[in-house]
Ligand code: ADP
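The data below hold one chain only, encoded as structure tokens and taken in the form predicted on its own.
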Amino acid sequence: MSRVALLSEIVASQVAAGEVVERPASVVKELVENSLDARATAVEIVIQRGGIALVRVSDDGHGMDRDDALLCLERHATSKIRTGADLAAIATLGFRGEALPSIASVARFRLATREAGALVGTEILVNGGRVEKVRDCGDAPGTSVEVRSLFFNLPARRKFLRSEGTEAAHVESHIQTLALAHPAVRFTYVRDGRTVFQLPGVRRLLDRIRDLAGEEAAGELTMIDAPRQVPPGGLKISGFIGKPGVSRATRMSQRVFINGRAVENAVVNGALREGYHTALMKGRYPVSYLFLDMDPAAVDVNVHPSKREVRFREPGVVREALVAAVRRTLEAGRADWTRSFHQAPLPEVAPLVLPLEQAQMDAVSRPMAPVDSGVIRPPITRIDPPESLFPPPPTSARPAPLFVPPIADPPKPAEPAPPKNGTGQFNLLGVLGRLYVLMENKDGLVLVDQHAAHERILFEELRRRLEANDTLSQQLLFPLTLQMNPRDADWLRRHLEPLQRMGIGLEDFGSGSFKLDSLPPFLQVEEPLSLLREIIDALQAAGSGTSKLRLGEEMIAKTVCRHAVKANDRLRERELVRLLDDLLACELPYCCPHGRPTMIQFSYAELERKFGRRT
């Protein structure tokens, strides 16, 4: 007896529906994508009971004649592609020809469509995959699809659906995503007879973001700074990303669109993270509304039935372009960010940090003593203000009072006239709790974390040395041996150069053995091999697309944290001024290398609300 049987069309469609139709939100997504492919300028979505009882999507697209309306309900019938070669350059949202027959096989289905010039339209009723009626209808030009009683003939699938509120939330999320991808299209969403939102078609993406996320969320964004001239077929990057300090605990606020399609891609996620790098705290994720327009042949969307996953033909090119665009955007905003903290020139003061070359030479030339581990631990020169900058600690354990800079020592320069370019000046008010520098600018009160600010200054100085290949190495008294398994050893051999650029002397001895004979002089560690393993693990986790010049930045960030000005370190006014000058000269002055903010602004309007002067 034969054990292999050919499935019926209805059963085959139900099997296919398991991949395409996961929940009511999947139905909405597929139907709205069809409307957008039909060049609709207005789309209305109506649901009841979270989409389980009813999903209706109506549009004003080009519609279909009767033959196309009947054919579109057949499996693998589509107007988007014709040959296998078309799969290499898909420019539409849909192309598989599976959505409509899959949906019709697991619901009570109605399709009403009419072309713009036709006298009558076509209505088709389908019940669980069986066509019941085909007749004329007088609907408006466009297409309307009703899906009722989803999974009525598959109770096992229906019981896996969540509550009506949860399903409705998924539906709304999909609609918002599609509305963001197509801001020129008018969207109306009605849930259980109540209009949730009506989004007019807009020209600017920021207006659509403001309509969906609110004015406050839109104000936290900055426009992507991308080259205006893009070669034909090249990668064009546009959209908005969150300003430094704006982040979320999950990736839910990362919206990525490729050729108008909402996607999820590890390359893009990694590039966003690397672009922010030290402007983002660990465990936090950037906010993004990111649009990538590229040659359809350069991206493969035929990876998964849901079409959410894509693959790039040249992922390294995409990653590098995106990292560069994000970093350029963050750095371009520095001028606007520092405009509120402009300061008139002051007399020259002693530098707040020792020149790095001198600190390194001191570390190399001083006597060194071996420790038990056989590793030389040179005395580390603190890269911070000289001892004379700090007065003796107070004898009382009480918190230090507000420190007001002296008026007569040093003498203050004459108050300069306000700049003609409209930028404000800040007035140094004092230090709160021996940590927070208080300033006043034209917008209100500014608090500066002196430790975080000094961390950023030292970090960028050391990073410049690393990028210039100006990092010294300190020889260990006794070389150490690192043993790696074959896979890790092969990876390490291919990445010896970036480690050596960090000042880590590593040599391949063969058979998975490596000799460690030097470390950067500013690095003080008790277990060099443990540190090296941590660095290697971090490099492997970062992936091959990570910029080699940034592979050592985490090590630098940890180092400067120990050497920066600490809380309770008291600085005189001239030293505070120099600290602020150096901070505002940084590439990313917004935050420390760990992503914490260096400055916080309290506007006059906010202060007036706190004191009840305004509502």
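Everything numeric here is computed off the predicted structure, so don't read it as measured data. Start at 1 with the first residue shown and count on from there.
Keep in mind the form predicted in complex with this ligand is missing from the figure; the text below concerns it.
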Open item on the list: For the interface check, one of 248 to 256, 453 to 461, 98 to 106, 167 to 175 should have non-hydrogen atoms within 4.5 Å of this ligand in the model of the complex; which one?
Closed with: 98 to 106
Open item on the list: I'd like to know if K80 sits close to this ligand in the model of the complex, meaning any non-hydrogen atom pair within 4.5 angstroms.
Closed with: yes
Task: 4.5 angstroms heavy atom contact with this ligand in the model of the complex for C72 - done: yes
- [ ] Indicate whether this ligand has at least one heavy atom within 4.5 Å of a heavy atom of M64 in the model of the complex.
- [x] yes
Task: Residue contact check: S26 to this ligand in the model of the complex, 4.5 Å heavy atom - done: no
Open item on the list: Quick check on this chain: which one of L588, L579, V46, A38 has a heavy atom within 4.5 Å of this ligand in the model of the complex?
Closed with: A38
Open item on the list: Only one of G239, G505, P296, G94 gets a heavy atom within 4.5 Å of this ligand in the model of the complex. Which one?
Closed with: G94
